[in-house]
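Only one chain is shown below, in structure tokens, and it's the form predicted alone.
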Amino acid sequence: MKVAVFNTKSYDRMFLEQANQSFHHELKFFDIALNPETCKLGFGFEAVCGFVSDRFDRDVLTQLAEGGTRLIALRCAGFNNVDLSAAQDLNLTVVRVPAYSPYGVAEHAVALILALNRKIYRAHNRIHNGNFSLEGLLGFEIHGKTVGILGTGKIGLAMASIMKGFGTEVLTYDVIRNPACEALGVRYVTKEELFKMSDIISLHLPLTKETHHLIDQKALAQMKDGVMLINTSRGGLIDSICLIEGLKKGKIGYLGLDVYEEEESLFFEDHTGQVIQDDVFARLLTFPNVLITGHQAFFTRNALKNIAETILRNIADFEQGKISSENEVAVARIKR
């Protein structure tokens, strides 16, 4: 099948080309992101492949459908950047990669926890400057703390397993309970109980209308003073403006972000030497207890290999009329 692959980096091409040796699709790579101005490049391609920062709104999908596209193939698990109602109206099939690196994302969340707690980034910079003082580097033992995990899918389950290994009490919240999580000995509670009792809170939820700004001023007010907040899921789960006030008042003692609400114009590109125009993001960078990475939690060799193989298999399955129900994203299924 002819596939237009947007928003590609060198690593995307490498892993997709390696995986395609088994599928033999006709892949055309475009460095630029998909949006209303660039989507014409996808005309004539039966499948269009995009990433989290590509726009699949009604305008883009309408143009792609008119250009002959029948399949939208996402190189990610999230689908909040796709207008599913429009896709349904236009008879476009949408597929994704639901689980490509649950361990990698969970491990990155733990890395943020450890780096924030033990001030690893500050200690590293000090040592390189010849400063071996321990002043200001005091941390705490994670053992015995209470960790709240919002979302208990595959990533949340991996996170719960790791945190149980640290000897913590793990509280979880999700609209659907995961028996595998319960088997670990974690305890499901309400959001309010989780906010109130947790020393560390880690987000592992998809971004939907229901979860948008799940962490807002009201939620922060329910949390412990000095709480550690970690987000490796989707930036829109948190009202970013509220973070500033929470940090200033000491409600948030530690903040680790791998995603950001307005990351589309920032992440995955080199902006060295440029002035960041996002005032909220620039303000977050000024706090010494904030650690931000650029949506790299998924970025492991295992994940890129799994993503490439799964997305190409999804395309092949579409050709043969046998798409996996787990990998297809449909309005009816999401509403259930």
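Each residue number is its position in the shown sequence, starting from 1. Note that this is a predicted model, so its numbers are computed, not measured.
Keep in mind the form predicted in complex with a small molecule is missing from the figure; the text below concerns it.
(message) Within 4.5 angstroms, counting heavy atoms, which one of the listed stretches 179-187, 112-120, 243-251, 210-218 is next to the small molecule in the predicted bound form?
(response) Careful reading of the contacts points to 210-218.
(request) Look up in the predicted bound form whether F298 has a non-hydrogen atom within 4.5 angstroms of the small molecule, and give yes or no. (result) Yes, F298 sits close enough to the small molecule in the predicted bound form that at least one of its heavy atoms falls within 4.5 Å.
(request) Answer yes if any heavy atom of V175 is within 4.5 Å of a heavy atom of the small molecule in the predicted bound form; otherwise answer no. (result) Output for V175 is yes: heavy atoms within 4.5 Å of the small molecule.
(request) Please run the contact check for G236 against the small molecule in the predicted bound form: heavy atoms, 4.5 angstroms, yes or no? (result) Contact check for G236: no, nothing within 4.5 Å of the small molecule in the predicted bound form.
(message) Just checking whether I230 would be counted as a contact of the small molecule in the predicted bound form - the rule being heavy atoms within 4.5 angstroms.
(response) Judged by the heavy-atom cut-off of 4.5 Å, I230 is well away from the small molecule in the predicted bound form.
(request) Heavy atom within 4.5 Å of the small molecule in the predicted bound form: which of I200, V105, A73, A160 fits that? Just give me the one. (result) In short, V105.
(request) Scan M223, L171, V95, I155 and let me know which has any heavy atom within 4.5 Å of the small molecule in the predicted bound form. (result) Selected residue: I155.
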